[in-house]
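Only one chain is given next, in structure tokens, and it is the form predicted alone.
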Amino acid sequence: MSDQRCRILIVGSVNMDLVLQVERVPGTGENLIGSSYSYISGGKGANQAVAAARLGMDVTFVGRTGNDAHGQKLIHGLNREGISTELMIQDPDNPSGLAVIMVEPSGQNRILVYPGSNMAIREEEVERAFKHTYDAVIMNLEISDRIIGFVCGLAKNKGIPVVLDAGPVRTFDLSLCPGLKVLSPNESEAAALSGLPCTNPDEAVKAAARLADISNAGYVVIKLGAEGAVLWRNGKSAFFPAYTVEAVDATAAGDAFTSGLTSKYLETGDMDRAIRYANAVGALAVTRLGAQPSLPSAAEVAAFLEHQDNHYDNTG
């Protein structure tokens, strides 16, 4: 790629996150006292957009918020990151998306998503975006199947690679997405889409192979959290271990990974380097509380990787 910034189109969700810090997730019928709560901007699409912008990409966002206080705050937050929101719609009929996130001391979370206006994106809104050209398109499954398939068709016609972050877990027909460049679920999403268990790297390889057959994606990259990531391409697999960090909150780590992978792949054309870089971006994201506040800058990622290299040089 040239020195000009990569231009990315993200069609996806934007939510207000209600983050609840709890000692543990309550059981059925159990009432627990939490330690704190906060409202933080989130949504998989918006998280990916912010991550991409902080990593130096030129980002255009297509999505919907409600015509409410949450919606105004969400749009202003994207604008502060330098993300183009001219194509976003404030929906008069549907509320802004909301995610309720319970975070345990280990950093593990449980998330409930109420899509709201995210499921009301229309084809004509996407078509307006495709009057311009992009180096890649990133999407997720927090928007409607109809729009996901429509975007894939437009991108294919213009020769633009599509990266599909296949979350959250839900039923989805991968045949709607012909010509995917990258399909990237986490372990639970991979299990749901492939019908195979995906609890460790060996199982992830088999699930990735199945997903490659189903989707015909150029690359299948399964995110395995603290274990790392598995890559499947051209009938072969590779495993990329995660970096060791102290986890605070795993929210948005997968979104950070997806944007990091896209950024480095567009820069280098090397998927192995892209996954290692994405592992670093995701690792930094889990060290902070909240979705968008946790997303690192390119300079932070570079410093983290330099420290890792120096550590291995001194101990290897």
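It should be emphasised that the depicted structure is a prediction, and the values quoted were computed from it without experimental measurement. One rule holds for the numbers: they count along the sequence shown, beginning at 1.
Keep in mind the form predicted together with alpha-D-ribofuranose (RIB) is missing from the figure; the text below concerns it.
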property	result
Among the candidates A209, V113, A129, A242, the residue which, in the model of the complex, approaches alpha-D-ribofuranose (RIB) to within 4.5 Å (heavy atoms)	V113
Contact residue in the model of the complex, chosen from A274, A52, A291, A280 - any heavy atom within 4.5 Å of alpha-D-ribofuranose (RIB)	A291
Segment assignment from 281-289, 23-31, 252-260, 59-67: heavy atom within 4.5 Å of alpha-D-ribofuranose (RIB) in the model of the complex	252-260
Residue contact check: L183 to alpha-D-ribofuranose (RIB) in the model of the complex, 4.5 Å heavy atom	no
Heavy atom of A99 within 4.5 Å of alpha-D-ribofuranose (RIB) in the model of the complex	yes
Within 4.5 Å of alpha-D-ribofuranose (RIB) in the model of the complex: residues from 24-47 (heavy atom criterion)	G42, G43, K44, N47
